[in-house]
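Before any questions on binding or motion, here is one chain by itself as structure tokens, the form predicted on its own.
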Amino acid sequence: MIYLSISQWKAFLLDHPLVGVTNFVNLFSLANFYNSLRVSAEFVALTVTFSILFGLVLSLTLNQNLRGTNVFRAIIILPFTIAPIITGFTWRYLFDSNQGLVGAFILPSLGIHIGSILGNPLNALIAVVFVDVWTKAPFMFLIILAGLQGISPSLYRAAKIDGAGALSSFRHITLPLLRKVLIIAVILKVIDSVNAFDQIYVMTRGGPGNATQVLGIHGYLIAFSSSDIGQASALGVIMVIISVVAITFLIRVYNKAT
């Protein structure tokens, strides 16, 4: 990919000379690149935040020795087992304003009339974020649940004897002991969100307009619509750099927590 990013590699051309940083310069001159960078930043921030929050809430709720807990755990994990392509097609149909269960029946019955969900820029972004969280929160749930089960129950019993309530125990016991687990979960989710492509492409193709055109889709369009493999590879290198910078920062935070 690095070699392609410094080459003039276009379809139907037999000669592929090295062009240095020309592909990067041309990429930075495109308005679509900055739009995709902004959309990706919004997508990563929203999906990471809500996936971790929902995963934490679910894990706290089901980290109990109650009847039927294992059944609910299995049900929650199910969305994560579905292929992203199938998930994208399914939710695209569910959001359809003419015959989809959500878009045509549930929302109107609640008095919410927003027209075409995937045809509106803001609604489309919210929809792809929602579907990503629905799909990936179960994975965060598994990671956090494993961390919760590693906390000794004796700590909570001692805190209860000292008069600590549920909120105080969560703040002073659960969160500090989950800090490393949460950072690992964030690292994995950041990698996943930065490289998001298939689910969004199936649902919106990056539209309407370029409202959901994350970096992965922008690179795909450059490579296969504009037939410029060199510039698409340059974008791939930039995505790797973004991921490495973000993960390096998170790893330093993790090391400080150890």
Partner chain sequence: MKLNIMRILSYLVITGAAVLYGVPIIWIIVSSFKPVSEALTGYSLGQVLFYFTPTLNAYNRILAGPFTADLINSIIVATSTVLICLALGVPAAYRLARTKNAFTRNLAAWMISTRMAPVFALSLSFFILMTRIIPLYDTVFALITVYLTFNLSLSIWILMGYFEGVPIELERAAMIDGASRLQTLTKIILPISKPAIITVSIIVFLFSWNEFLFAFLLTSTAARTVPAFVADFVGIVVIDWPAMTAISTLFMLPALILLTFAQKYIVKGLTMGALK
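Note that the structure is predicted; figures quoted are calculated from it, not measured. Residue numbers count along the first chain shown, from 1.
The same protein also has a form predicted together with its partner chain, omitted here; what follows describes it.
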- [ ] Sort through 186, 178, 76, 125 and report the residue having a heavy atom within 4.5 Å of its partner chain in the predicted bound form.
- [x] 76
TODO: Work out which of 114, 94, 173, 158 lies within 4.5 Å of its partner chain in the predicted bound form, going by heavy atoms.
DONE: 94
Open item on the list: If we define contact as a non-hydrogen atom of the residue within 4.5 angstroms of the partner, is residue 198 a contact of its partner chain in the predicted bound form?
Closed with: yes
Task: Contact test in the predicted bound form: residue 66 vs its partner chain, heavy atoms, 4.5 Å - done: yes
Open item on the list: Does any part of residue 250 reach within 4.5 Å of its partner chain in the predicted bound form? Heavy atoms only, please.
Closed with: no
- [ ] Indicate whether residue 154 is a 4.5 Å heavy atom neighbour of its partner chain in the predicted bound form.
- [x] no
Task: Non-hydrogen atom within 4.5 angstroms of its partner chain in the predicted bound form for each of 58, 99 and 138 - done: yes
TODO: Check each residue of 134 to 162 against its partner chain in the predicted bound form and list those with a heavy atom within 4.5 Å, in sequence order.
DONE: 134, 137, 138, 139, 142, 143, 146
